[in-house]
Ligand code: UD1
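Below, in structure tokens: the form predicted on its own, a single chain.
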Amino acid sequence: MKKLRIMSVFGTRPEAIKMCPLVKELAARPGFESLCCVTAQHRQMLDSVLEVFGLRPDWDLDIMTPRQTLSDITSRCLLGMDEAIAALRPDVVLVHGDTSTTFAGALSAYYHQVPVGHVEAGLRTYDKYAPFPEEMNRVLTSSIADMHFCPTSGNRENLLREGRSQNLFVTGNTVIDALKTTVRPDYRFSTEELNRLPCGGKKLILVTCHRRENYGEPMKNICLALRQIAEENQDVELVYPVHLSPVVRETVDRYLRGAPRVHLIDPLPTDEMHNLMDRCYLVLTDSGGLQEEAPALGKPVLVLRRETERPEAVAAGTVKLAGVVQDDIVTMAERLISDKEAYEKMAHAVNPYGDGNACRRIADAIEWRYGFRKERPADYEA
């Protein structure tokens, strides 16, 4: 049987973390030819992940420009994908999640009549402006996709309610697969500042905040809350790897630079971020991926957003919505800092996002869909 040419498309750091293990799993299957196309929507942060996983793209669109708009990203992705698909001639295109790269990659594949598989399918908030633009990116991608690889059964139910009933597979989330390769108890960071943290028995709080929906007043409120947490709790240290977005950096510098026990550092390579998360006490984030990663490491998460498309984590008790109001964030964080029972309840809740075998299940599902195996693979059950 002819090998199936599968082209995985991604462009941001979070996408790369979740797709690199899958690219390698597909390459290990004798019936597949695994290809990788990156858009470099986030150039520097993407490259650091590729280096960690030892992955060299087959095609690189290199679209990133300073202060790029969503229209810039989408249009350059579409034009670049025309060339990539013509040159690599994939039988299947895989896209991930909800970025502008995701939607543009799926749309381009559709224009070329190439089947699309959507990894991390079925996440929803049902508010098209929150998260922005991610919610519409994933909804539109679902309309194009021919195969839907859902992390949880709840994600599958979302798609079923929308009338999508064909080729839905529950696989777990590939980010758990990635953690299995990056976290080590003897890990040494590239800087002594990180190797020394936390200092003097202090509790380390890991922070990320970068979403467009939080630009402006919400991000100001978040930064003020972080400053207050650091000032009022002598037993904590905050580490904030600051996103490269100029908007994010300007806000963080204005409200957090010089705050006591707040370490503002550059974005970290994937392996350093995962190992820092493994050593922290608590995570405060507006990231989607960290809501899945941190619980797998037994770390409670406070989400710096008004809603989350990951309700399974909230239901399981590993994640709580803190919102974007300064007082609310401070109150919820300080409870976990001071209340051991509340902390332990979150830290020991069951992570609903997988067992580290999501990539295997996705590859099995593609094999079944294209006749390389007779039996449909079993869905993941948390």
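Given the structure is predicted, the values throughout are model-derived calculations rather than measurements. Residue numbers here begin at 1 and follow the sequence given.
From this point on, the text means the form predicted in complex with the named molecule, which you will not see here.
For the residues V170, A145, L123, I73, the 4.5 Å heavy atom test against the named molecule in the predicted complex is passed only by I73.
Among P115, P133, G154, P198, the residue placing a heavy atom within 4.5 Å of the named molecule in the predicted complex is P133. Of the candidate stretches 243-251, 84-92, 183-191, 155-163, only 243-251 has residues with heavy atoms within 4.5 Å of the named molecule in the predicted complex. Judged against the named molecule in the predicted complex with a 4.5 angstroms heavy atom cut-off, the residues N233, R279 and Y281 are out of contact without exception. When the named molecule is considered in the predicted complex, Y215 lines it closely, a heavy atom lying within 4.5 Å. Proximity of R67 to the named molecule in the predicted complex: non-hydrogen atoms within 4.5 Å are present. Contact check for T141: every heavy atom lies farther than 4.5 Å from the named molecule in the predicted complex. At a distance threshold of 4.5 angstroms between non-hydrogen atoms, Q41 is in contact with the named molecule in the predicted complex.
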